[in-house]
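Form predicted on its own, single chain, as structure tokens, below.
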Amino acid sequence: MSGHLLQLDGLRKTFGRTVAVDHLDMMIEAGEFVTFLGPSGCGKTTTLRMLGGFETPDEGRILLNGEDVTHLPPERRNVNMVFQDYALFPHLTVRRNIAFGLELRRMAAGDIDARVRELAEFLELGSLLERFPDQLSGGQRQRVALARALAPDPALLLLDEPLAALDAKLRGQVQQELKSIQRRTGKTFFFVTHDQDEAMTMSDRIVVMNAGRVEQDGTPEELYDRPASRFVAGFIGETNLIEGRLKSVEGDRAVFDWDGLTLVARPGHKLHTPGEMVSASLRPEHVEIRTTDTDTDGSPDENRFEGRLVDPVFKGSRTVARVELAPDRQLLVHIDRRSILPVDGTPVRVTFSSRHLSLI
């Protein structure tokens, strides 16, 4: 257990007949920014509440720095939380909000003042210390809530969708600020969200939850480029899910039949055997589009087909369209504005490498 800040050992939590978290095992290192991502009801918030001491697991243990804190109340854990609505005290100034947890711990007034000033300078709140929460913008309230949570110097900071109330433009700005704060403090952040873009932007590591279980645990790049399941592939960004029958697997090369079209893919996380039905994920930006009069030299591991462009939709920096390869066989594609002129019905050639087509 040495070296791990947090260990979750077989956590299980039910509410009546509903299994919210189903035997969750996990290690989290000090200084990681870990995001639990998933749809409503997947178990991510229940996990966070068990870590904070607001729910008690039916089974399993929570170890923090090697200490079993499973049954300890929130105030006896070296953990703090930033809530979705920030939960700032409206009748207290920013200064008093930040100092609140330190006053509960009966710290000396001079030490409290020094800590508040330190955090106010760090989070650029110095000019706001005498204001009340209703005099602050959404981003400012978020920073005050973060300062209050950081004030007691917790080992682990829990963040329950703290950006959900912000508008899209401000949310993007605060995402960058929050990640910068995490890096500068070196604190371990346990972040919960249903927003995939938010998770991809901020996290060192993403845990995708579904129906109380972990679907995949990895870096943003791993989840996007090599999804372990149909659920992850569909939940993280846009993708083409292609089903067919496996012909052969040799090393890092898998060949399968897609209703008469032969595709070369990269083997996935599980062991597949020839003859079985398989699914593969192909991100639309990995499909290269050319006009059919363009000559290209393909490699053995390239997939090359001809079709026609249908339903192009202009999206600013790109056009989203589909390429019809045959009846009932279409690929979603993203077309760069600098490539071809996307006109409905245009004959095109599509090319994509086997390394971008992953069995799942």
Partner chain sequence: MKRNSRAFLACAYWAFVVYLFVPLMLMVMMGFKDSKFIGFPIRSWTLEWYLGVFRDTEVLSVFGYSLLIAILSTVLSLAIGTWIAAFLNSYRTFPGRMLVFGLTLLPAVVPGIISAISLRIYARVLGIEPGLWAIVWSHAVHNVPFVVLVVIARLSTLPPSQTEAARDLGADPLIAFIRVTVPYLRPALIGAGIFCLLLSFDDFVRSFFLGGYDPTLPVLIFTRLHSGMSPEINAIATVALVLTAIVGIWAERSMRRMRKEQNA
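Nothing here was measured: the structure is a model prediction, and the numbers come from that model. Numbering follows the first chain given and starts at 1.
The same protein also has a form predicted together with its partner chain, omitted here; what follows describes it.
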Completion exercise
Partner contact check in the predicted bound form: of 75-83, 110-118, 174-182, 251-259, the stretch with a heavy atom within 4.5 Å of its partner chain is 75-83
Problem - Close approach of Phe314 to its partner chain in the predicted bound form, 4.5 Å, heavy atom - result: no
Exercise for the section: Find out whether any non-hydrogen atom of Pro90 is located within 4.5 angstroms of its partner chain in the predicted bound form, and reply yes or no. Expected result: yes
Practice task
Please check if Pro152 has a heavy atom lying within 4.5 Å of any heavy atom of its partner chain in the predicted bound form.
Solution key: yes
Practice task
Using the partner position in the predicted bound form, report whether Leu104 sits within 4.5 Å of its partner chain, counting heavy atoms only.
Solution key: yes
Exercise for the section: Give a yes or no on whether each residue among Phe305, Arg308 and Arg349 has a heavy atom within 4.5 Å of its partner chain in the predicted bound form. Expected result: no
Exercise for the section: Counting non-hydrogen atoms within 4.5 angstroms of its partner chain in the predicted bound form, say which of Arg213, Arg290, His272, Arg96 makes the cut. Expected result: Arg96
Practice task
May I ask you to choose, among Glu124, Glu130, Asp134, Asp167, the residue with a heavy atom within 4.5 Å of its partner chain in the predicted bound form?
Solution key: Asp134
